[in-house]
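Starting off, we have a lone chain in the form predicted alone, written out as structure tokens.
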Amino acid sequence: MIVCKFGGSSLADEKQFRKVKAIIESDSRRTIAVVSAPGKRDSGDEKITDMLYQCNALAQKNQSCRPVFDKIASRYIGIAEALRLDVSRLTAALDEVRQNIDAGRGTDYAASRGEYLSGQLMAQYLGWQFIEPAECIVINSDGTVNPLSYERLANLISDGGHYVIPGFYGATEQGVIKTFSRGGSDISGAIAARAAKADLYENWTDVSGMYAADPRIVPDAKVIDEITYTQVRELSDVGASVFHEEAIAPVIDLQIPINIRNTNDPDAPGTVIKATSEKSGIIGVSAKGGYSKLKLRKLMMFKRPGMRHAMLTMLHLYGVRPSFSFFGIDSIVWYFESSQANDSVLTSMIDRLKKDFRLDYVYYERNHAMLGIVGGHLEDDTSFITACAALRDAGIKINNVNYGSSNATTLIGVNDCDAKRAVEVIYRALFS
């Protein structure tokens, strides 16, 4: 049995809905479809979810969301009419959603309605049973999946049944609608695959798999044919965004393979994500910007038990949670997302660090990026030397290197302004 999830670009209009139906009907094993809200039809268009956030913002100001919501309703009604579906059922659902948003049901409720309405349409179009995620998918307060979700969803699925499940949302244990982070329909698909004990989880999008580099930076980048769960998470951590890294967790215990496919090119094999791979060497390079760098030093720092933990605790008090760490004999460099703290907060934090820990020095810098070279068995691979040499020859400054702490990733810190060029330089050095 196959669980197939379709992203927003796969459901942008009636033509895309028809493509989805053709894909589903081409393989009888596809019996569960997880759907996103309609995405952009072209570069000048708006995503349904973004418009729903606008509706909620208006409601929070005690203003009617009708002007924006009418655009949303028009999109859905246009799809329904083109597919010759029962528009009266859809109209009733749209009216209820608009009234609830205006009544102040909250951000998560508003954001979730794109998937809800998309699911209603797809269930009617396919003639399949609609499953309401709020009745079975439980999301914890920290946004993670509650294991109760698998059992509850499994109880709603029977052999021989065909189901449509909206992605992106569920509910708290108290029954209040809650969403995952953006892109969370990938997680919903993984939950469905786990609950159904699927043989395969297909993730249909608008690209033919995961690329060895961002094709917007490297237009001729190769598609990765095979990648492991760990490698996907490592690539996602440094900017690759084709697949939500948290969607690995539900399927990893059952080792359900994931196949990323292209709705607009269904014959392309895509990328298979699985538990293990015998392949070695580099498979991809990616970069993520928007980091700040905090560097501090104290003589004999690591001879003082608990000092590093105490400093991290202080960082957390100021809202700073480092993503990457580099260590010297008497020094630490922490990279954190710049959005976590403004300059005044960081200045206050540094003053406190200096005073409480009597540091030799501590300072921060903005505009940093982290580049990851990801592959298999990298502890036996020296490609990072070639990569560093290529960056040097291109005049790109290297700020930090972390090699050996992971057998799947080498991390290289560069300036934010150099990140995209660094990806291209390394790709050319390692893949050409």
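The first residue of the sequence shown is number 1, and the count goes up from there. Computed from a prediction, not measured in an experiment: that's the story for all the values here.
Same protein, other form: the form predicted in complex with a small molecule, not shown, and the subject of what follows.
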Q: Would you point out which of 397 to 405, 31 to 39, 376 to 384, 362 to 370 contains residues with a non-hydrogen atom within 4.5 Å of the small molecule in the model of the complex?
A: 31 to 39
Q) Applying a 4.5 Å heavy atom distance criterion, does residue 56 contact the small molecule in the model of the complex? A) no
(Q) Is residue 183 near the small molecule? Define near as a heavy atom within 4.5 Å, in the model of the complex. (A) yes
Q) Do residue 168 and the small molecule share at least one heavy atom pair within 4.5 Å in the model of the complex? A) yes
